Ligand code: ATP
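What follows is a single chain, given as structure tokens, in the form predicted alone.
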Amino acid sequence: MYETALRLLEKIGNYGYVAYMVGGYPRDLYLKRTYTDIDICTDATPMELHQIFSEVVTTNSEYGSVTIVFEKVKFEITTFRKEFKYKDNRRPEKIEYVDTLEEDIKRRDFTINTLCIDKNGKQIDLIGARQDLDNKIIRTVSNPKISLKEDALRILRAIRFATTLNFTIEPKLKTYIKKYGHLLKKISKERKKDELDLIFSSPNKAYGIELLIDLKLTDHLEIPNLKKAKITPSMIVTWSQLDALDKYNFNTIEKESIRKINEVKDKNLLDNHTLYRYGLYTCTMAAELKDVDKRLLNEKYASMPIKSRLDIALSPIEICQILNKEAGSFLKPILTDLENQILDDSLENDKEKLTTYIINKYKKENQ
């Protein structure tokens, strides 16, 4: 991807413009970390980029951005710009294209994200990005008092970068994070959850959670239970402890997972019935809260006689044939009975034995 990006920069240069890789990719390349997406900044306008590239996926001219496909790789390219008068403590009301990288860098969030790479692979460091990367510090490009009021999401982004990179937050920035934490209430639930997901899924999440608590953000984020949450490897288990289903927008799978984890956390996870009803995934997640050995849980699950109704040695059609009846509502309690008998080890999951059991128990009452 890096070589493809260099060819992209060269192509833009061949049309008389300048372009640079910027943001996360140069930062992580310097830190010898893996990073997938590469963002590009340039003095070419969206209209001029349309003339250069045939495969334009989307254009957000309001913010001077174009997404293109170049050599089968997707890139977001943004025109150098200034931003004016932010609305909702998040988005600029007006942008103005500028001619130089120096002017564009001034609008960015943190110094560590201002390192650039030109078409020759040379690093461009205009405001001390490498120094802050070497010193492992998160610092805003402009005065944090102004920067956080312009875009309050930078409060969470600062904590996210500190967490994922294991960096410290510059003291002045910490002060203003505490002061302006209330501005997070104006940020959309979706954007806040995106940042919290990255914090909660980080191997260094304990540090991130500590920062959220120490910087007094839990009430502003409507997750006061974070102070009592147990640190576990799973992001969804962290969310399950925060009573946040009605405060953030979770997808259907996340909602169901959180609901099931909270249902099963007080049950015996090594019980056949619990494992059968909730499944290995949910029980494994709950095991993080209960300090249950996941190895034992996996062994127990592997040894279960059935894991779903499909595993029962008699199919519903065969049960109907034994009872000489058409399929109907009578099947459900019979299948439930078979499940319970098999899970209790009272009845072997054997076709012949199940047939005998059904004949003895159900044939007469269903005649």
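In this text, residue numbers run from 1 along the sequence as written. None of the values given here were measured: they were computed from a predicted structure.
The same protein also exists as the form predicted together with the ligand; that form is not shown, yet it is the one meant from here on.
Distance check, T36 to the ligand in the predicted complex, heavy atom within 4.5 Å: Close contact exists here: in the predicted complex, T36 approaches the ligand to within 4.5 Å, heavy atoms only.
Partner proximity in the predicted complex: G13 to the ligand, non-hydrogen atom cutoff 4.5 Å: No - in the predicted complex, heavy atoms of G13 and the ligand never come within 4.5 Å of each other.
Contact of D28 with the ligand in the predicted complex (heavy atom, 4.5 Å): Taking the distances in the predicted complex, the answer for D28 is yes, it comes within 4.5 Å of the ligand.
Distance check, F161 to the ligand in the predicted complex, heavy atom within 4.5 Å: Yes, F161 sits close enough to the ligand in the predicted complex that at least one of its heavy atoms falls within 4.5 Å.
One stretch from 289 to 297, 259 to 267, 104 to 112, 207 to 215 that, in the predicted complex, holds residues within 4.5 Å of the ligand by heavy atom: Within 4.5 Å of the partner lies stretch 104 to 112.
All of G24, D151 and R154 within 4.5 Å of the ligand in the predicted complex, heavy atom check: Yes, the whole trio is in contact, each within 4.5 Å by some heavy atom.
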